[in-house]
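Just one chain follows, in the form predicted on its own, and it is written as structure tokens.
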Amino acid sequence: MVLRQIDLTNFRLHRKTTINFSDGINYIIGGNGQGKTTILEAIYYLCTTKNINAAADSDVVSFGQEMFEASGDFNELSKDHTKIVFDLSRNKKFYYLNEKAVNSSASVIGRFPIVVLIQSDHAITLGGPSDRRKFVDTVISQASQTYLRLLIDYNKTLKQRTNLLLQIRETGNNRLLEQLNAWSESLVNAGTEIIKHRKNFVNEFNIYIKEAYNRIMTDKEEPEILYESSVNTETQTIEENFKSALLNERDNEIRRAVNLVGPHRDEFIFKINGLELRRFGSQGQHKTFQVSLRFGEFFYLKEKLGKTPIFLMDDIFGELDIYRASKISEYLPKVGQTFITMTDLTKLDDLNKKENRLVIIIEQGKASYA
């Protein structure tokens, strides 16, 4: 998949910007606060309907303006035109695919697969379990609409069940327990399938991350991902274990008005040479693991979807030593269309120059070509 062109109107610093891209590597060069990362933000919007950093849509509108608009032309087996518009006065966002309004972002996820390597990725290896769950859920959701729907249903059930637990705690009304049983059944049904998907994903994805990691570290270290579920997945069936765990925790859940069992409490353990990365990993190992996760995601999605994802990298070379930067640079020609932001044009001298590339200079929200 290739993004041929993007048009931005009132999109942060970009009042009126049109950029044509290379189908290889696109280096986006600019100083801090010039609008280079905004290009990645716009691409992510077009591929997912969402903001890359979970910023409010209203924050993206240029100062003093009432709306922003971004549009792009994608080529795969067919041509697609996407457009996203945000109306500040109505606080409403509209997404269009080939001039037709799309009302559900879930129907867009995975259609234009995208992989993002940004500085906040440090949370995946250094942060809490929710950061690792978010990474896994994002990858599987792009690869599987079934999983995405399960996740949406599960989260809705969690919300309803939390409200019900709170009512039972506050009122002491035992007649509400029948409703709790019904919501528990829904939780088990969706949650069991989510756990199965995650187990399969980890088994498959370990192959991809090991290959990516070894390309950067040349077999010096062995990465691994382990899946720890709050539901016992080793004995009997996952469904029966889920039900038993909920029954055992019922009093605690009512007392705390919190859902204590299910995939929303799962953990993914990252290891290198058998040692837990979060506890024992060096800064360089964390960064290499983060990069490997994204390269692994790229090739995983490419195989599962039969499409080549777009790859976004936000100023990552500034954080890497020369060895790792060089190894990643050698890996880039194996990837499809890539967008890489950098603050310094001279850093290109240290990177692989043999690949098909385009250098775009961003200054005060205006684009030019080097």
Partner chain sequence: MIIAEPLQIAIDELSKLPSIGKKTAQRLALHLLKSDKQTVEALVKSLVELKEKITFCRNCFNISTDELCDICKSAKRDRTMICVVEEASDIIAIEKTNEYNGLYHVLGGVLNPLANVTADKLKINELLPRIEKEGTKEIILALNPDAEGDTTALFIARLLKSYHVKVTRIARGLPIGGDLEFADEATIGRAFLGRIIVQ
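Just so we're clear, the structure is a prediction, and the values are computed from it rather than from any experiment. Positions refer to the first chain, counted from 1. Under this definition, the rigid core comprises the largest set of C-alpha atoms superposing within 1.5 Å between the forms.
The next section is about a form of this same protein that is not shown, the form predicted together with its partner chain.
My question is simply whether residue 182 lines the interface with its partner chain in the model of the complex - judged by any non-hydrogen atom within 4.5 Å.
Yes.
At the 4.5 Å heavy atom threshold, is residue 137 in contact with its partner chain in the model of the complex?
No.
Residue 285 versus its partner chain, in the model of the complex: is there a non-hydrogen atom within 4.5 Å?
Judged by the heavy-atom cut-off of 4.5 Å, residue 285 is well away from its partner chain in the model of the complex.
Can you check whether residue 157 is within 4.5 Å of its partner chain in the model of the complex, heavy atom basis?
Flag for residue 157 set to yes.
For the spot marked by 145, 149 and 163, is every residue within 4.5 Å of its partner chain in the model of the complex through some heavy atom?
Affirmative, all three are within 4.5 Å.
Please name which of the stretches 126-134, 84-92, 189-197, 289-297 has residues with heavy atoms lying within 4.5 Å of its partner chain in the model of the complex.
Partner-contacting stretch among the options: 189-197.
Since exactly one of 244, 167, 273, 75 fits, which has a heavy atom within 4.5 Å of its partner chain in the model of the complex?
None of the others qualify; the residue that does is 167.
Using heavy atoms only and a 4.5 Å cut-off, determine which of 253, 153, 266, 121 is in contact with its partner chain in the model of the complex.
It is 153.
In sequence order, which positions of 260-281 have a non-hydrogen atom within 4.5 Å of its partner chain in the model of the complex?
Contacting residues: none.
Does the C-alpha of residue 90 move 2 Å or more between the shown form and the other one once the rigid core is lined up?
For residue 90, whose C-alpha is compared between the shown form and the other one after core superposition, the shift is less than 2 Å.
Please state whether residue 121 has a C-alpha shift of 2 Å or more between the shown form and the other one, with the rigid core used for the fit.
Shift of 2 Å or more: no.
Could you check, with the core superposed, whether the Cα atom of residue 291 shifts 2 Å or more between the shown form and the other one?
False for residue 291: its C-alpha shift is below 2 Å.
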